[in-house]
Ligand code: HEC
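Just the one chain here, the form predicted on its own, laid out as structure tokens.
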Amino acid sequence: MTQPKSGDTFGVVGLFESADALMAAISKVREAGLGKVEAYTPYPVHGLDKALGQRRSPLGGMVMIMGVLGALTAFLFQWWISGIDYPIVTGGKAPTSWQAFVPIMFEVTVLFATFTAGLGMLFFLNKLPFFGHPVLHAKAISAITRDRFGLAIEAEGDAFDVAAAVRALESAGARPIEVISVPSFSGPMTARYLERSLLGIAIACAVSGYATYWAVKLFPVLPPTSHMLVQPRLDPQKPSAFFKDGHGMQLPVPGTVARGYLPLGVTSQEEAATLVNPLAVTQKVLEEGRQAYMNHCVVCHGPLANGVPTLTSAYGAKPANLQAQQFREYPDGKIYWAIVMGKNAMPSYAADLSEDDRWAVIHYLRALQRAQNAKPGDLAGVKFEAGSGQGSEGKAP
């Protein structure tokens, strides 16, 4: 707010004995149209803002808009970080699970709404800072702060008729009436004031920090404070009297299925023979199968799946020759069972390969088997050039 100059006439104020008398005088004074009409009361008077012609405060709408903006801002930040930029699966939930965003959304909503309410009220609506309001220096203020009701006609611009304002208040029943001038004041924002304020803040911070430090040192645990290190809990591998078996660590409930993983559905390798590979044979699937095979299978079964490992003779096990007729005639489901459950010295790879990766490995294994055991029909439509060792599509050989 623009602070009025010292010595200017700020306005004229008159006192009334009751709130009813004040309310009756407001309409008469406003009709005169001499300046801004303002009321000063010792306690809130119902309907006063409406009588003065003041509009409904927009503060509620401002807080609502900024609160919604804060919630959306927090949601978008978390959605981008957790779901796009750095996705992390926590507790088996999707990275973009919005339920986990609610606490931060609530906090940012409160933050935006609180700052909007405080700063909007101070600077936008009340138009502060306004140091040394002239009414506070009037003689009438002592009565207004006790049991009297003040009605003021405040100047708006240079053309303010003081005599007409006095007559309007007299005709409305105000007694006594006082002309208010802007007092001479320098305001508190001086260099000395700032130095003393900053020094006081620094001392207060130092004292409170030092006191807090020693309070925590001398009294580390005070009700209702509880430290996470001393809370009742079950530590790993520790006994517990709560469970019947006396163990603190418990197995999952029987029949528990991990999120995103379905049980195999068969109980033996013979039953697994009925399983059908759900993946289509595509270039992408074969590439994924080859990558998984090279990462997990080639070390034992060899690059050609012929049971010649890449390990030294110190490796005592004898990996299966998957090029043998027995395994070429195996249904895909039986091989899938061996990958999931393990076979002989081969451990289970259920924890290392996803369901799609297992089926992709089987497709790639079939490609290796067919490449090493090609039939005449596989070469139909391939033309070989003499001495080149290379073939091209064309006439049958």
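Note that this is a predicted model, so its numbers are computed, not measured. Residue numbers here begin at 1 and follow the sequence given.
Omitted here: the form predicted together with the named molecule. The next part is about that form.
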task: Sort through 333-341, 39-47, 25-33, 55-63 and report the only stretch with a non-hydrogen atom within 4.5 Å of the named molecule in the predicted complex.
output: 333-341
The named molecule: the contacting residue among T114, S171, S240, Q269 in the predicted complex [heavy atom, 4.5 Å]: Q269
- request: Sort through C300, I180, L275, A155 and report the residue having a heavy atom within 4.5 Å of the named molecule in the predicted complex.
  value: C300
field: 4.5 angstroms heavy atom contact with the named molecule in the predicted complex for V361
entry: yes
query: Might K318 be said to contact the named molecule in the predicted complex, defining contact as any heavy atom within 4.5 Å?
result: yes
field: in the predicted complex, L368 touching the named molecule (heavy atom, 4.5 Å)
entry: no
query: Heavy atoms within 4.5 Å of the named molecule in the predicted complex: does F327 have any?
result: yes
